[in-house]
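Just the one chain here, the form predicted on its own, laid out as structure tokens.
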């Protein structure tokens, strides 16, 4: 076994056909790319998976987790009430890339996808062929969504690009990578489940664990960052240096969607920040929610500290990326968007984001946009949502906004600050994708008010309502105390949900 390589394994299982060994597509560095109209602005979307705005010092968090994001904010528009479309990667990514809420895209389930009618109006197609369109979904869940749009993408970087170890098989099937991803990497060889093949699975696992055990871990006291579910290892240094060197090589104008896996769990801080936040600070304890996993307060506090240290490690490397892009003049003719697909939660008995809960830590995400040549900071406080990214970028680049888009141009970039507008976040991972949402959590933000609706979790459907201006920690449920406001918001939410479900109601 010690002499069997990953390539040998591919040959053994019959995967090494000529079409796989000599794929029709080449790497991005080998492509013969045509130069477009360089006078048009470039667009860079840099997304950090599972990054909560509530844990960033740029938004007032007491720990200094994001000093370089603060530096970026000095020449950017900073959105203080920006929300994800969902509380994990599938709905969060789909909302950003299609401009539609999860109840429209139907990207709601684990490993789910976007319905064809919505997929045709993705952000890559909307940019059109006069832009060079590049996607790097390092997150495999993001891959499920992005690979649906591969026909509209000029350069598609595999998740293992800039990594230390990549044992994924789907990249060997470029003609239908989405199907290969689902059939092989997600079904046959997923690392957190028993493999579908009891013969080939253990072979793949043994090769991966052998190779990963040989990786150097200097600089990472808890081990190298990796995807806990899929066989990918990387270092923050390699990841950010790869992204830094990539952008200046692209033909102009370009649109890039860079979906980076950190700070998603497992939280592997570098030695510079490991144990940095053993600082005596304790977050406010909150009641355990009936739908949580019931984790103890001490476990949540420990996980939060590890998460914060990982964010700080990421932010340190992001600072080097800023320096590189500044030296290369990237900011002079580029819109640079920093955001996330969802947040992370460490309260009420719940950790991370595989939860039916929609409290702010898991859905309030960062959004910072630097316009070409921008030198000063601007702050926006009106609620906005991930569905607003697509229409905003279309307006900024002179493109048509798809009629199906449910977002609006962002204030500061063609839109207006509308405190009366309603935005939504949807969680329905256990609900069938093509059926009315009977088991779901839906949050509606309208001004400073936030209504949360729970349905299908056993017992009577329920609501919670919070005033986020006076109660940022969402501790004082105003739903029973303000019946008139609650009634108006409840009726609007339920009517909107009913309309979204109508195509799937018999």
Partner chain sequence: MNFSSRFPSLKQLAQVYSVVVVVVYGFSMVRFFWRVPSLINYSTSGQIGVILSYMLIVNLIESLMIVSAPVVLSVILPGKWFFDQFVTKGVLLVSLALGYAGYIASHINTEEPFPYPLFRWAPLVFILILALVFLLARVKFVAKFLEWASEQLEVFLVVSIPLTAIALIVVLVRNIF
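Just so it is clear, the model here is predicted, and its values are computed rather than measured. Numbering follows the first chain given and starts at 1.
The form predicted together with its partner chain exists for this protein as well; it is not shown, and the discussion that follows is about that form.
Taking non-hydrogen atoms only, residue 189 approaches its partner chain to within 4.5 angstroms in the predicted bound form.
The shortest heavy atom separation between residue 241 and its partner chain in the predicted bound form exceeds 4.5 Å. Interface residue remark: residue 302 is not counted as part of the site for its partner chain in the predicted bound form, having no heavy atom within 4.5 Å.
Of the heavy atoms in residue 182, some are within 4.5 Å of its partner chain in the predicted bound form. Highlighted residues 119, 121 and 345: none comes within 4.5 Å of its partner chain in the predicted bound form, counting any heavy atom.
Only one of 413-421, 172-180, 133-141, 263-271 lies within 4.5 Å of its partner chain in the predicted bound form by heavy atoms, and it is 172-180. Listed residues 77, 405, 306, 109 were compared with its partner chain in the predicted bound form; 109 is the one with a heavy atom within 4.5 Å. Interface residue among 245, 197, 296, 354, judged by heavy atoms within 4.5 Å of its partner chain in the predicted bound form: 197.
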